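The chain below stands alone, shown as structure tokens; this is the form predicted on its own.
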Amino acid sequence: MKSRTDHQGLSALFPNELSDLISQEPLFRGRQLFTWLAGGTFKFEEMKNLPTALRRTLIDRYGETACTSKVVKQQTDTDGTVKLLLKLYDGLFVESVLLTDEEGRRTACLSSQVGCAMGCTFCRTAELGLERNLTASEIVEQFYHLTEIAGQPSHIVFMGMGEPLANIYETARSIEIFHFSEGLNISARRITLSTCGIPEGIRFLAESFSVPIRLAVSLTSADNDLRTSLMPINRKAPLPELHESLLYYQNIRKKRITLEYVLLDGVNDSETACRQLVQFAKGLECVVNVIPWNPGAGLPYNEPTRDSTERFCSCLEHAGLRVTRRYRRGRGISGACGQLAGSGTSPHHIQPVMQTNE
């Protein structure tokens, strides 16, 4: 197998950057290479309008394919959810998910890190700790792997493994590639970044990022002490600071924010918790997305009942908030919100088989 000289990959490079890599060639060759990659063709030998000598040069430099990751396991749930386990160039693993809603809309749920350092106590990914950030190419490749197996998604959410704002520059680069008009050309309104709440990252999106994507914040509790116990990031960025950064973002971007609220039975589903959430939402143009907790092996929580979920949502609606309810998809293959665990990220945990839950 050919050794790679650049683990950053090629799929997150723009045409001019690809031209720079093959500077001995005419400039239009970089655009041709970009077009092949943007169309999902990664094997250099299949890029027929590139000269044979250039294809051989690329193969010698990068191997048979420009793709730095590969699918080692695919699972399909009865609701149409597809989960992929990807092996990265260094032997680590990451998961990504394709969700299909009742209208047939396909959404790619992408990871931004191998593992996660945020330590949210209700999320299985947190048990892994953080191995490393993903490169922009590794993020983009998840989209192409999902496309090849299940058809091209129309929407993207950064809600997989990891905290996107803790890997902000690689995440931002991948979004720019997705949005690039000469490539996939995915509308900014169809891309959502979900964060546990890192104020400096939120300010970066407000001030410095050119693509006006949607922002979602995992809140889970509007009680400062309870949120700290559930989401340790709250020690560094307590609720008042988070609220201030969201107001700042909204004042600049003029876009509605989603407050994601993972509902835990007997923990954050009371009438008092509802009132605290209503208070936090004051001044924000927002929608609250209520997410009934999805079980994770060994985690010390219980699912909320249907009745308690409806009571909590009704409480919010009576207070004048707009509320959506997250439908539970992918649970049969541990592909739902908070269930991604990357098979421990260790190659010793992997059995490269295809599994279908049908």
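Quick caveat: nothing in here was measured; it's all calculated off a predicted structure. The numbering used is simple: start at 1 and walk along the sequence shown.
The form predicted in complex with S-adenosyl-L-homocysteine (SAH) exists for this protein as well; it is not shown, and the discussion that follows is about that form.
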Among 245 to 253, 177 to 185, 159 to 167, 145 to 153, which stretch has residues whose heavy atoms lie within 4.5 Å of S-adenosyl-L-homocysteine (SAH) in the predicted bound form?
159 to 167
Looking at T107, T76, Q276, S194, which is the one with a non-hydrogen atom within 4.5 Å of S-adenosyl-L-homocysteine (SAH) in the predicted bound form?
S194
Of the options V323, I291, C315, L54, which one has a non-hydrogen atom that comes within 4.5 Å of S-adenosyl-L-homocysteine (SAH) in the predicted bound form?
I291
Distance check, C123 to S-adenosyl-L-homocysteine (SAH) in the predicted bound form, heavy atom within 4.5 Å:
yes
S-adenosyl-L-homocysteine (SAH) contact in the predicted bound form: E260, any heavy atom under 4.5 Å:
yes
With the cut-off set at 4.5 Å between non-hydrogen atoms, does N268 touch S-adenosyl-L-homocysteine (SAH) in the predicted bound form?
no
Taking S-adenosyl-L-homocysteine (SAH) as it sits in the predicted bound form, is S218 in contact with it (heavy atom to heavy atom, 4.5 Å or less)?
yes
Members of 36 to 57 lying within 4.5 angstroms of S-adenosyl-L-homocysteine (SAH), judged by heavy atom, in the predicted bound form:
none
